[in-house]
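This text opens with one protein chain seen in two forms, each one given by itself as structure tokens under the names structure 1 and structure 2.
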Structure 1
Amino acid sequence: MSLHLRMPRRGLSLSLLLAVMTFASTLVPVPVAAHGERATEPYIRTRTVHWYDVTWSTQQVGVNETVTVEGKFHLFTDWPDAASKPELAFLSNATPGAVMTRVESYINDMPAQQSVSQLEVGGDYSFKLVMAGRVPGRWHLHPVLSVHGAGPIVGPGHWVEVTGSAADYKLPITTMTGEVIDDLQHYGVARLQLWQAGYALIAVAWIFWWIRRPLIVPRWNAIRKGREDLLVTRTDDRVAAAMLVLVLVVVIFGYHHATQKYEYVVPLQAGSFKTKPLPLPPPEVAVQMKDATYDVPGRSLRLDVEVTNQSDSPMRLGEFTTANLRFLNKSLAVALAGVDPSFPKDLVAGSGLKLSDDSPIAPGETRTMRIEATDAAWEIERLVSFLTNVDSRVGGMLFFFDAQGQRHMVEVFGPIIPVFTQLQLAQRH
């Protein structure tokens, strides 16, 4: 019986301890490093914005020092119907919070502080992000194109180490009226807090004026007995009138003072800018997808495509890229050389690209070939859920190279069929 009595008490103690620990844990801010770059649905990542030629100027910066991320992005022609077209977009970056600050950003060399409107599907655009270190740590830095109605479409990410002390971060600016702001991250805070503390002090005084006297039960009883006259007195009236006057005087004085001090102000800037796609020559290769399967146990994407070389130079396929993953033809040196040393290794598939026929495609030749992109990255990057998408399609970019090493980019897209067993695969092919 005694055990029976002790157990609930122990259980209660443990529950209380757990509750206290849970509550205490919420008091200590614990930042997270991830920002969900693999959470976006594959149909968005494979068929909307394709990032390429992305470079990071450095992987280590001190506080206040800058790192530049630049490259290009292609807006995919087979843009899914489920996501809004890029009528309005904003070039941003993904980091876990404001650990790095945005110094400059450009699309096609145009300042991109505002959103960009009327981007053209099928077009290519250049971008540049200049970021400065603010909070020491190792941060995953991505370019992001946020598309209105489609959400943030994240580009490839690279770890960037910020060294030094956060206390050293400063962002001084001078306004067009000549006011020197020592540090933008603290600007105006002390003044604002001082005024709001003053407002709060008046409010506390008002509340205290009322709660210092007998409160709940006595006042409730007095109302029930019809003696409301005792609860709000002539003195209370005078205090209320004084409070009314005080508030109006403080607000009018403060407003007048602010308008005198800041004579020239501007509203928030809400416009957008427009820019045309880069003037790239049309690709001299035509690609038609004939069949596409994803081998679930083999983690392999197989594309049967019909390629027509429309140039006067032999062509070879060097790379297939989708959702920031790069599959390279390891037998083609110019394709391997296209991977910048700063590009994250985890986004370059180790097994590369396997082709049914890797010989050069002669000028004017039309060839049907099989492209196999096999890697565990399909799973790691959470890309296989394209099998459950509403339109069950896949897309990507193929990079062909001619005899002079010139790159020809072409889109490839079409429906995809999942195969779950080797027997099923054999029956299909």
Structure 2
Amino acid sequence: MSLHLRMPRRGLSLSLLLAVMTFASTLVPVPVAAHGERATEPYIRTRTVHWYDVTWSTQQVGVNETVTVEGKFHLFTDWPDAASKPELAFLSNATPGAVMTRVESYINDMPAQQSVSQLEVGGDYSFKLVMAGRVPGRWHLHPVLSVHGAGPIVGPGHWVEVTGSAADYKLPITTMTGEVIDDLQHYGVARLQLWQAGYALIAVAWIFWWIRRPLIVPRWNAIRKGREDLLVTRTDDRVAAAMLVLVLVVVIFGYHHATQKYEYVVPLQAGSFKTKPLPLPPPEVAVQMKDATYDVPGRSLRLDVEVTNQSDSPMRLGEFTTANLRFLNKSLAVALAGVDPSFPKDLVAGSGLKLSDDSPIAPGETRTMRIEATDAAWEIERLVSFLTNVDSRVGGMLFFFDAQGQRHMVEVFGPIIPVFTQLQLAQRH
């Protein structure tokens, strides 16, 4: 008697379609949509490192060609208690994998191949990254400051297209002895693989020596009967001694061979360097936050601040920036002109900045004003979860401009609470 199972045609077709799609997805490369920085907690993005004046020298490079990312970053005074202070940090880049090569990096015009120590909270620093195209594709390129104990803090990212062929990539260097290495990424790989294979063979032989005999139950029975002397024989001792001598000979030979072939050897660098913050003039504007709310349905951050103009020139607020988002005063031409054409358009809020009083703040005047930053970017960038943080605080930078067009930066921070004003009005109607 035979049993036949028949699958309905619709189910069979669906199964075949799913199988084909699954198989195709393993063969066809799918571009990554970047923006992984959105997974970082908002209290990190809004109250630690504020990046500004960031530019990209080009949006398209060929393989082996370079793009320069440079700008400044400010270490926020209201640094969150949950994140370690920037006592040790490393400047790097964020891309989806090793698709670009970091050729040069600088902090305050000092080479930053190593980590930088004792960065000062409240200070400003300049940075520069020179990246070379390695793998063709369209990649999101960010500057990153990795703070020990706080993790990577990602700056704004821009799409950079790498053209050409990956087979043409080269990383040539000249050593201190004058030797020219045409391609560093393949230099010494075969020799390294040979040494790894040799040590792997020794390890496999050592393991095989012990697993060639019964392992678990017979050995357990021998221990129960008090015959531990049967577990390790005199032959085992001889093999162990021979293995130890072999490994020592290989290590000594390898060391001698390396020192003879490479006379000048530099160990891996584990130190750090120090640099002082940029020398900036004292702030000409004092800002005190009085109240901060976030309108959840309206997607609007509202700040009530008290501003005191301490300069000899009238001041106007031109920009509010936080977590790489920029809200501009569209009625102030100098603020709009300060946006570099290379800056990502998706990080510039289209709705701009709304002020309760946009008239110039006279010298010596103290004014209370409301600042509204409304945009869907709060949701898109996943920043509204600062409402559920244990301290429920928000921070950002305010950029004021005087009559001569000079920019004056000042921090603004404080506790924030959610409101549902627009939702309540809608329910009443």
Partner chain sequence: MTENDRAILKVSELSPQAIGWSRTLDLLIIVVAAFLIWSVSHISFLLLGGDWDFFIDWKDRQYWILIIPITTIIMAASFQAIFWNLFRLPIGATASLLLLLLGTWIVRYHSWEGLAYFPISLVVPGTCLMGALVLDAILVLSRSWLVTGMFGATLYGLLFYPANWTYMAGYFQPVMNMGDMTSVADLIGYVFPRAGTPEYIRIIERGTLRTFGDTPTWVSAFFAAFVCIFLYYLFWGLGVLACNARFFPVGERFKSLYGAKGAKDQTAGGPVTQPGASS
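Model, not experiment: these values are computed from the prediction. We call the rigid core whatever largest set of C-alpha positions still superposes within 1.5 Å between the two forms. All residue numbers here follow the sequence of structure 1, with the first residue given the number 1.
Here, the chain labelled structure 1 is taken from the form predicted in complex with its partner chain.
Domain assignment between structure 1 and structure 2: residue 162 and residue 355 are placed in one and the same rigid part, by better superposition fit of each C-alpha. Of the two rigid parts of this chain, the smaller turns against the larger by 18 degrees between structure 1 and structure 2, per C-alpha superposition. In the core-superposed comparison between structure 1 and structure 2, the CA atom of residue 223 travels 15.3 Å. In this core superposition, residue 247 moves its Cα by 6.7 Å between structure 1 and structure 2.
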